[in-house]
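Okay, so here's just one chain, in structure tokens, the form predicted alone.
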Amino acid sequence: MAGHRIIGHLDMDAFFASLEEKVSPHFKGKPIVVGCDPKDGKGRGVVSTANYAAREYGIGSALPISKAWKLSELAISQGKEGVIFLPSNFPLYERVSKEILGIIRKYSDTVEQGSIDEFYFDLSSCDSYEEVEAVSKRLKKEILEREGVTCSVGVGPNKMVAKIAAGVNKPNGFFIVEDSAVEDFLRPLPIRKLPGIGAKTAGVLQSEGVYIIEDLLRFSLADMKNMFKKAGEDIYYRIRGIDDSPLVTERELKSIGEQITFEYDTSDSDYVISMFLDLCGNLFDRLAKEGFKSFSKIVVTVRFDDFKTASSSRSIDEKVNKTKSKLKIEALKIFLPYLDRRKNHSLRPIRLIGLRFEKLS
């Protein structure tokens, strides 16, 4: 084991929904969806998390909430239990996430938090894979006992393999891919399992008769670069299990942002401006709350009723971001052209607005 890199990836199982079950035990075993209000199929937005009972109905993360409601209604018509739709409770999720991070740090000196419910941790100091398994299972057991929720852990020689391994035996799973077994582990997997291959890339590859990772091995590095440029080079090495990316123990927050999806597409400029100014004020207040003193770039995003999305940005003077009223004026200068023909030529109704501050200090 000496000199071998061993990385664990811990992925919480249906994290938001699992915490809702813990807080409300009478929900245990019932299909749960966390997200926005479906409003009897007319709601806007998407599913944040679906527990495993809801997933049996075909509901998953990022599915439109209106579609999730229809699937629930279909299940009811078949004599099954209807889905329980719950609003997000991010203060709860963030608090428990911090607790879990603290637990993982007891088992590893090097931990990277990938997201609110995913963590990488270094186990290279272990003397054997038996020790790696024992440590990982103790970690899983402590999280379950202290936080009342399950997680799945994957282990491999790098972050990429560990992440894929964590999904093998979900939920409450554990899977190790030893260094010598990486290529055999990857070969039969569908190409979409590989980080970096999304729907568009998969469509190109499937047109070439590529469906599993083993099919990709016939392409040379030059072939991959010709098809996908720099991304092709990354894919070439990943399908061979090569990933040297380090664990990042501290992440610098480079931007903060928020967005609003309207209940109905609207051309009411008074209403849209009012909501945009509220967004400005909320984001300005978040700056101080999260410990930032200034920023130097504003980014405005608008999505129209046909789902086309546009954005504009502007660098600002440091004096502007010290005062909420001055900030609103500068942000409005960027936003207002989307309410008339300057940047909304057909005067389309607006579906979503977003605001982001970048280059924080």
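Residue positions are given as counts along the sequence shown, with the first one as 1. Just so we're clear, the structure is a prediction, and the values are computed from it rather than from any experiment.
A second form of this protein, the form predicted together with a small molecule, is not displayed here; the remarks below concern that form.
Trainee: Please pick out the stretch from 305-313, 43-51, 25-33, 290-298 that is in contact with the small molecule in the predicted bound form, where contact means heavy atoms within 4.5 Å.
Mentor: Of the stretches listed, the one contacting the partner is 43-51.
Trainee: Does the small molecule come within 4.5 Å of any heavy atom of residue 20 in the predicted bound form?
Mentor: Because no heavy atom of residue 20 falls inside 4.5 Å of the small molecule in the predicted bound form, the answer is no.
Trainee: Check whether residue 170 has any heavy atom within 4.5 Å of a heavy atom of the small molecule in the predicted bound form, and answer yes or no.
Mentor: Yes.
Trainee: Is residue 67 one of the residues lying within 4.5 Å of the small molecule in the predicted bound form, judged by heavy atom distances?
Mentor: Heavy-atom contact with the small molecule at 4.5 Å: absent for residue 67.
Trainee: Even though the partner isn't displayed, in the predicted bound form is residue 62 close enough to the small molecule, meaning a heavy atom within 4.5 Å?
Mentor: Close contact exists here: in the predicted bound form, residue 62 approaches the small molecule to within 4.5 Å, heavy atoms only.
Trainee: Of 324, 39, 333, 55, which one comes within 4.5 Å of the small molecule in the predicted bound form, counting heavy atoms only?
Mentor: Selected option: 55.
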